[in-house]
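Shown next as C-alpha cells: one chain only, the form predicted on its own.
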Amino acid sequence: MKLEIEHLRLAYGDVEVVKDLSIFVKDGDLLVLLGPSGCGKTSTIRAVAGLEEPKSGRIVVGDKVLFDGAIGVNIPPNKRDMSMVFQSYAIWPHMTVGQNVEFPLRMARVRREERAERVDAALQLVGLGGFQKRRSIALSGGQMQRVALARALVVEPSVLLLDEPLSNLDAKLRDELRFELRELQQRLGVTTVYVTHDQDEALALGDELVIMNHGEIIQRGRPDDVYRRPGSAFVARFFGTVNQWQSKVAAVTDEHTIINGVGSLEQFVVAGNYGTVGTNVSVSIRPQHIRLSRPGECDAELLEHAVIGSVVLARLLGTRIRYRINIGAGTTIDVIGGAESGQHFFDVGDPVVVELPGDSLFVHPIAATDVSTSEPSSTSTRSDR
C-alpha cells in the first residue's frame, strides 16, 4: 500500500528532531532514508510505526489514517499493520527459531495450523527452511537477521520498516544480504522504508532516495540521479567519495563561471552561473572522474583543467588503484583508477598529468559563514563508486 507522511514534526523535549517532513512512497516501492547519525531518519520510521508520537502532521497508509495531530488520531502500533526490523535483531535467546518467527502470530491469536504453515513459508522465503527447531543462540549474525526478517514478514504487513538491519554484519555478508533483501522485497511487492547511513545500501536497494540532515529533507530522487547530480555541497560530500574544497567566483561570462583553482591550477571554467564575482562556492569532484596520464603522452596545455602533480601514495584495491596526488601548493587529491591489464600504474614519486574535467565538477554556492579553508578533503561513506 502507498505510504504518505505529511508535515511531520517530532521532538524530544525542546529538541525538534523531525521538522515539517513530507514523504510519499508508492505502493510496492522501497524508499531509502539516508543521512548521518542524528539526522532524524530513525525517529521518522519510529513515528510511522507508532513507537513515537509526533507533535503534529499526518501519516496515512492506503486510505487508513494512522496519525493526524489536527484531529487527535493516533492508532496504536499493534493495529497499524506494519512490521519493523531493528538494527539489534531483537531475537529472543530462550526461544527456537520457529518460536521467534511464530510469536507475532500467537499474539494475533492465529490458529495453530495456520501459524505452522506461515512460519514454514516465512523461513523458506529468507533461506532458513528447516531451521524451526534450531536454538536462536546457535545462529550466526546473518542467520539472526534472516530470522528477524522472517518474523517481520510472517504477519504479511502492508508496510515494512527496516532500521539499519545489516549494519552489524561483516562487509561481505552485508553485500550479499542487501541484494537478497532487494530481490525478496520486489518479489513480495511490499511497500518498504529502509533507514541507513551506508551509500552502498542506498544505491543497491532504493527505488527512491531521501537524504536527511538536522531533521529535514536535503535532497530526494532516484539514487543514481542523486549520486550524479548532488544538489548541495553536503550531499556531494555525504553521498559518495569526493575531493572537495572551497573557492570563490573570479569572473562571470554569458555562459560560463570562472572559479579560482586549487593547488597549482589557477582556475576552473565551468558552464552555468554560480553567482557574482566573490561568491563563495564549494567545488567537488569524485576520485574516479579524475584522469591521469604520464608527462609526454599528452600535451597538458591542451587538456581541460590540467596540472602536473606527483604520486605520494598508491594502493591496490582489488580491481582499482587508489592514488594520492600532490598537485602543488601543499595540496593533495585522491584519484581512483582501474587496475585491469593495460591500465597505467604509477609508483610513488612518479610525475603525472592530472586532469579535472569541467563536466565532472560539482559547484555549489555556499554561505560566507561556511568558508573555512581551500584545502581539498576527500570524504566517503563506504565505497568508491
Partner chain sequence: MKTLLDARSRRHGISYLLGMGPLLVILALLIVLPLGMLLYASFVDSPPNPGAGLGKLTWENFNFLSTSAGRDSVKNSLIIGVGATALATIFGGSLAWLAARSDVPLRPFVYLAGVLPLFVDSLVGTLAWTVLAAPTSGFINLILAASGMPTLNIYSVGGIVFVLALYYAPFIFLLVHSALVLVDSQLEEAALVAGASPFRVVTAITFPVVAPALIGGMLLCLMLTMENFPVPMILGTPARVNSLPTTIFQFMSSSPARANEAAALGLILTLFMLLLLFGHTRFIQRRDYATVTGKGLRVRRTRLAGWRWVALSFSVLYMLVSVVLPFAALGVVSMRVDRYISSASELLGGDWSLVRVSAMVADPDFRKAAYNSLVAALVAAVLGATLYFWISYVRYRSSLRGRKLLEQISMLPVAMPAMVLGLGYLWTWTLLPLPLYGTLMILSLAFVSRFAPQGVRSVSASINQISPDLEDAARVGGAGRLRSVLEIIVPLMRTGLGATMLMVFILSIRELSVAIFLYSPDSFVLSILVFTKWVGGSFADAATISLLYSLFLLLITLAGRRWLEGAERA
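Residue numbers count along the first chain shown, from 1. Here the structure is a predicted model, which means the values were calculated and not measured.
Below, we turn to the form predicted together with the partner chain, even though it does not appear here.
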Fill in: Three-residue site 246, 275 and 286 fully in contact with the partner chain in the predicted bound form at 4.5 Å by heavy atom
no
Discussion item. I'd like to know whether residue 305 contacts the partner chain in the predicted bound form, with contact meaning heavy atoms within 4.5 angstroms.
Written reply: no
Worksheet item: Quick one: is residue 83 in contact with the partner chain in the predicted bound form, heavy atoms, 4.5 Å cut-off?
Response: yes
Worksheet item: Taking heavy atoms and a 4.5 Å cut-off, does residue 53 contact the partner chain in the predicted bound form?
Response: yes
Practice prompt. Answer with yes or no whether residue 317 is in contact with the partner chain in the predicted bound form, where contact means some heavy atom within 4.5 Å.
Written response: no
Worksheet entry | Proximity to the partner chain in the predicted bound form, single hit among 229, 94, 222, 187 (heavy atom within 4.5 Å) | 94
Worksheet entry | Among 125 to 133, 308 to 316, 289 to 297, 104 to 112, the region lying within 4.5 Å of the partner chain in the predicted bound form by heavy atom distance | 104 to 112
Item to complete: Give, in sequence order, every residue of 129 to 158 that has a heavy atom within 4.5 Å of the partner chain in the predicted bound form, or say none if there are no such residues.
Response: 151
